[in-house]
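One chain comes next, on its own, written out as structure tokens in the form predicted alone.
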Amino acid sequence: MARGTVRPARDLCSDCGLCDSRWVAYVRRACAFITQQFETIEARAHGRSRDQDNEDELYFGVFQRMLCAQLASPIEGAQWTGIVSTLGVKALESGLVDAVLCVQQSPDDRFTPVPVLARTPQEVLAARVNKPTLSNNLSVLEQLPGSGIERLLVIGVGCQTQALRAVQDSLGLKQLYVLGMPCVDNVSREGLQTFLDSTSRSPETVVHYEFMQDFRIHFRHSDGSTETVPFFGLDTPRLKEVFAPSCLSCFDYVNASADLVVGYMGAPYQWQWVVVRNDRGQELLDLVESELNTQPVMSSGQRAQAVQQGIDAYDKALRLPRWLAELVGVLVNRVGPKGLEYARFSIDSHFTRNVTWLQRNHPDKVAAHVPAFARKIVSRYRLPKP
């Protein structure tokens, strides 16, 4: 299928890349935005689906263990310490896999993603730093037949992982490992520019950014300087519709079908949250665990009131003046949710927003598209009228 043509998911397409491969024939049962199948995919990947009576699994999916980690010797140029890049390198060097599906960047634009099947550590390291735009990662599956690749590590986000799981038995692989990242609110390249222009003091020099646990957006610039902006100072009226419709209708923030998940959302500030979901995930973590500084997961604070206030403020597209946004940010960082409670705060905030968005824009899809665990979470809050 040619790039840019109409996709079966239409406006909800996340551009995961499946439709740009010969596996497009599977799209109607593989695409997360056409057929929602969390329980089936979790059972296939982990041997069971999440226990929704267990509060941790309700939010974070099936897991064997969770921990917080930092690479003891950080990789130069990595977004944080480089755990994901190191895992990819070690998987190749150890012979665990023949290739790593990861995302490099265009030589013409630092934020334009270029998916590759990396066969060398150097090619993996060239993919370090997140590209916060929609990326057609699964398009490179087209290169698998005849490549000699029998064991593959795929690094990706939830919509990509769900589609991958649906077609994995037809890929001709002897072994597949999936290293997932928590993901929320991706944008088109044009949408990213709108976000940068409205938020950063120097949008043309931003190398990477992340919404962090201290309730601030952290920007790193090409000259090595850093910049932080409080969440509460965002230009909500301008940014409210900049996020991709696929992200506004997604309920897989935690990448529930990956073997191993690495991201910031459930850890204290400056640590990464690591979730081992199954034995393959532990096999991946074994490659690097001896090189990590680790600590147990923690949780503190209360999220519910902040979530409800955020629902109302977002719906009204409120924007605080910068001085007040800074003050609110300081107060929330001192007494607000941290660790796993911060992760629940973020999940609650996005799930309530996304259900509201679906009710207003795709009311016919709500019944089939919102998974049971998301309904249980969202039922705890008062939503705006559709």
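Start at 1 with the first residue shown and count on from there. Predicted model, so just to flag it, every value in this text is computed and none were measured.
One more form of this protein, predicted in complex with a small molecule, exists but is not displayed; see below.
With a 4.5 Å cutoff on heavy atoms, N130 counts as touching the small molecule in the predicted bound form. Residue contact check for M181: one or more of its heavy atoms lie within 4.5 Å of the small molecule in the predicted bound form. The small molecule in the predicted bound form comes within 4.5 Å of no heavy atom belonging to V97.
With a 4.5 Å cutoff on heavy atoms, G82 counts as touching the small molecule in the predicted bound form. Only one listed stretch (142 to 150, 156 to 164, 295 to 303, 188 to 196) carries heavy atoms within 4.5 Å of the small molecule in the predicted bound form, and that stretch is 156 to 164. Between the options V275, A118, V103, A91, the residue in contact with the small molecule in the predicted bound form by a heavy atom within 4.5 angstroms is V103. Checking S135, Q308, T236, Q168 against the small molecule in the predicted bound form, a heavy atom within 4.5 Å turns up for just one residue: S135.
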